[in-house]
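The chain below stands alone and is given in structure tokens; this is the form predicted on its own.
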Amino acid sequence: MNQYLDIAPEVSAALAEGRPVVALESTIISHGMPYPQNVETALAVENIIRAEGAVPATIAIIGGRLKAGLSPAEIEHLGKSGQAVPKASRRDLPVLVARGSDGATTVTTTMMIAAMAGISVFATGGIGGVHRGAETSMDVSADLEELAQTPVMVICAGAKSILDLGLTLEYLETKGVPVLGYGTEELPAFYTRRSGFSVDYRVDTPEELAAIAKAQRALGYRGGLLVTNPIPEEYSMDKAVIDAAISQALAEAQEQGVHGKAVTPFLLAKVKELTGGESLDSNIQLVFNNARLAARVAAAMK
């Protein structure tokens, strides 16, 4: 086991006994939602996973230690600290560990730490991808590279709709990452169920997702799987409304010179403001939906 990794007793016992475990990220706690909704949501997601018969493992960096499984007090700490906690991607881990710092894990670092711990299924909101205007900014999320090299199944509501979804799919195809639609042939776009872009394959049961993951490993593939699970119909937002909010948010980000890892939190906060909070409600519900599916897939893999 990695010398910097701490696996929570509940998670360690489940892994040793062959019981299903689902990884969860922590950036959604510190950077994705305001306090106290962030803490309430994080604890609710863990409870949903337990109700489905699996064990949750929320992942973060606490005091320079890579944590696979957080206590309620640690989740509260991340939630109250908010954006004061560094958003930790792959490049940040050595520095945060060496300095004994805290860090909130992105999709990338959650995948890395989950793989170190032996956790193969991860539920999140939406992945990062190729940003709009990336042909000049070169702004491409490290999430896509991690999906190409780390053997973890990521269950999400698609790529965040603030991104260039077409280029994101092209990038994943180049990297050989299968993009699977759960109950859909169309890539969901985070807040909305439809994007106009097709996934590689439609899959309709947790059991088939588990079988695909097992086959991928047996074939010796080193990368992961991306499962896109549409937001429930009753929480899906009007595409015209969300597109207008995103366009305005992007324009304001450019005017204010927002760049790098600050872009996504800025855009999500601005979209929330422009939609009167409706986007935050949708965000919470799609995370719940992904957690349920992830727990069922993790159980089917046993």
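If you're wondering where the values come from, they're calculated on a predicted model, not measured in any experiment. The first residue of the sequence shown is number 1, and the count goes up from there.
Omitted here: the form predicted together with pseudouridine-5'-monophosphate (PSU). The next part is about that form.
A.B. asks: pseudouridine-5'-monophosphate (PSU) isn't shown here, but in the predicted bound form, which of 204-212, 168-176, 68-76, 123-131 has heavy atoms within 4.5 Å of it?
C.D. replies: Going by heavy atoms within 4.5 Å, the stretch is 123-131.
A.B. asks: Would V227 count as touching pseudouridine-5'-monophosphate (PSU) in the predicted bound form under a 4.5 Å heavy atom rule?
C.D. replies: No.
A.B. asks: Given that the partner is absent here, does M116 sit within 4.5 Å of pseudouridine-5'-monophosphate (PSU) in the predicted bound form, heavy atoms only?
C.D. replies: Judged by the heavy-atom cut-off of 4.5 Å, M116 is well away from pseudouridine-5'-monophosphate (PSU) in the predicted bound form.
A.B. asks: Any of the heavy atoms of A57 lying within 4.5 Å of pseudouridine-5'-monophosphate (PSU) in the predicted bound form?
C.D. replies: Answer no; every heavy atom of A57 is more than 4.5 Å from pseudouridine-5'-monophosphate (PSU) in the predicted bound form.
A.B. asks: Would L187 count as touching pseudouridine-5'-monophosphate (PSU) in the predicted bound form under a 4.5 Å heavy atom rule?
C.D. replies: Taking the distances in the predicted bound form, the answer for L187 is no, it never comes within 4.5 Å of pseudouridine-5'-monophosphate (PSU).
A.B. asks: Assess the spot marked by V107, S141 and L268: is pseudouridine-5'-monophosphate (PSU) within 4.5 Å of a heavy atom from every one of these residues in the predicted bound form?
C.D. replies: All of them do, each having a heavy atom within 4.5 Å of the partner.
A.B. asks: Within 4.5 Å, heavy atoms only, which of T275, N38, T264, S236 is in contact with pseudouridine-5'-monophosphate (PSU) in the predicted bound form?
C.D. replies: Contact with pseudouridine-5'-monophosphate (PSU) in the predicted bound form is made by T264 alone.
A.B. asks: Listed by sequence position, which residues of 238-258 have a non-hydrogen atom within 4.5 angstroms of pseudouridine-5'-monophosphate (PSU) in the predicted bound form?
C.D. replies: Contacts from 238-258: none.
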